[in-house]
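For reference, the chain that follows is the form predicted alone, supplied as structure tokens.
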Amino acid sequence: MRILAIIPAYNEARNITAVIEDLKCFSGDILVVNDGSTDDTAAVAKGLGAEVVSHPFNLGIGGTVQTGLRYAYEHGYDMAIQFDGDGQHRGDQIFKIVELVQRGEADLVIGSRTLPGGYKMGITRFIGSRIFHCLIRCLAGKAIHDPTSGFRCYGKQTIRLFSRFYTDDYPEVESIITAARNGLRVVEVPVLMRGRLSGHSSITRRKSAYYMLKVTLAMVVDAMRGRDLVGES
């Protein structure tokens, strides 16, 4: 099966070398989606042999992931891995999120930081994840304990769906709803993660509050639509 690692990256020049080096154990192809970085992210990634697609300006994580999934769809990949450019995700954990898709038992696998053996997040993020967990369970009937995790494996059907329909802003939680409501099998597995290698997250406490409100409203609207996007042309 052909598999692509998608690395969304915005001003990650200080981290991207270690991230790509960490993928040496990965047998697939590597694509860095440079989201309008103002540093040398694209040049460093190209110098390390990765394929690079660059946005002319910053689109945010949703647009960046969708660019990678469109690339995967247009180039005929069977699976795609979302692997963050800040160094938190670990190459030696990829097999855990790939296995179920390879066996045909899942369409979207989320690497969970909160199941036994997983990474422990901060209290604010933990509370937010619990709220989203309850909403997803009510709206989509899925028990996802770490819905904000960006460490994911997408199967072929999921690649096709998200290459056409994907939330621009803060997509992690909404994409679970979209996948589940379109009959795709969403599961999670425990994984190990690390802290950022350098730099700081762009998600402040104020942005976290906005994130929770925006995503909650979007999830309710999405549930009210009840559209089957997979079957659309």
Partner chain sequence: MDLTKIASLGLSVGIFCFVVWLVRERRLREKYALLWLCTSVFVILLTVSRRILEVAALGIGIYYPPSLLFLVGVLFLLLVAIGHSVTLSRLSESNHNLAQEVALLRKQVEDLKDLQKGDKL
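Not measured: the values here are computed from a predicted model. Numbering follows the first chain given and starts at 1.
Omitted here: the form predicted together with the partner chain. The next part is about that form.
Of these, Val44, Met193, Ala179, Val52, which has a heavy atom no more than 4.5 Å from the partner chain in the predicted complex?
-> If I apply the 4.5 Å criterion carefully, the residue I get is Val52.
Using a 4.5 Å heavy atom cut-off, indicate which stretch of 128-136, 100-108, 82-90, 68-76 touches the partner chain in the predicted complex.
-> The contacting stretch here is 68-76.
Evaluate Val189 for contact with the partner chain in the predicted complex, applying a 4.5 angstroms cut-off between non-hydrogen atoms, and reply yes or no.
-> Contact with the partner chain, no.
The partner chain contact at Asp168 in the predicted complex, heavy atom, 4.5 Å = Contact check for Asp168: yes, within 4.5 Å of the partner chain in the predicted complex.
Could you tell me if Leu184 has a non-hydrogen atom within 4.5 Å of the partner chain in the predicted complex?
-> No, Leu184 is distant from the partner.
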